[in-house]
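In the form predicted alone, a lone chain appears below as structure tokens.
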């Protein structure tokens, strides 16, 4: 007896359209369990889709360039019942195996296609907002377009299509304005090849869409960056002592673990930092959970995996989770759900260097903490200069939610906790 296994797109979070970047199988191929069958890409990450069974590929339902969503059928695999291994629902959305019985085929009734009567497209009232599907609305948001400004679409009964959104963008750009209404002149194109040899390298989708999002944030958020230093001399001594007691091969604790814990303690003290503005800017949504995003540099661009319920985890648990998610990020195996639900983000350049920088808020969050490399420097204690290990910190926040005084107090709280990590126990 054999079973026919359907490989489908798993739960990847609230993502309407996922691009098929590469298809690695074809009908007749023999695949092994967990073998990568396709590479998918969202606006935040690329991921390798593993096979949920070992067997022979019967049919492939996607091709490069297609767009899929959760539950879309990727391929069917014919496998012996003893060899078929179906992944758990959380890991892979797989339909129940269908038993393939060896018997004479039954006649298939002819399918008669009946064309629907033509429907005349009626002109809608220009005073009403035309309808648009969720996928079109998501596409419009990615371009920074307010769908309500498109009064009539070219689809059936005036429904807004993607082409309508594109044409709207072209129209407003031609008029010298962007969708937000600000007049921003475009940068003229330059033929750099006239000056010497050049090479064209296509940006990854992650970098393209990250750039769009950061530009959107830069134009819409009044941001302020506050720079400060924290004395982490005792914290670093404690961290080294912890790592000295760890067995060989055991995961080491980095300073980032303590920074995360100090950040959450400050967020509990100042709730406005653990909030988001409503879309209309009229309400502040205060969050009762503490999820921290950590920016990770990958070959394809910057991604931000989210650590959940950080307030309930130890530094050892955080170290293990960061190591796991960072490795998945570098391998392109992060799911969109792994990068959603963050309350505040940390962008650390400590392993590279630098004295200070201005991180951009990861909207809809209202603040982001930047960290650069700590260094020993003389600090006056009232009587003499003493060598202290000082950590530069950079706090960027949305000035619509947080004022300067609150930003300074928040940073002072982080300094307080990092200055003596035992205070986190109080």
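Positions refer to the first chain, counted from 1. Note that the structure is a prediction, hence the values are computed from the model and not measured.
Quick note: we don't show the form predicted in complex with a small molecule, though the next part is all about it.
- Annotated contacts: 254, 371 and 374 all touch the small molecule in the predicted complex [non-hydrogen atom within 4.5 angstroms].
- The stretch in contact with the small molecule in the predicted complex, judged by heavy atoms within 4.5 Å, is 322-330, chosen from 275-283, 191-199, 69-77, 322-330.
- Contact annotation: residue 216 falls outside 4.5 Å of the small molecule in the predicted complex, judged by heavy atom distances.
- Residue contact with the small molecule in the predicted complex: residue 211 places no heavy atom within 4.5 Å of it.
- Although the partner is absent here, residue 265 is not a contact residue: none of its heavy atoms lies within 4.5 angstroms of the small molecule in the predicted complex.
- Among heavy atoms of residue 296, some come within 4.5 Å of the small molecule in the predicted complex.
- For the candidate set 302, 237, 356, 203, a heavy atom within 4.5 Å of the small molecule in the predicted complex is found for exactly one residue, namely 302.
- In summary, among the residues 349, 224, 145, 307, the only one with a non-hydrogen atom within 4.5 Å of the small molecule in the predicted complex is 349.
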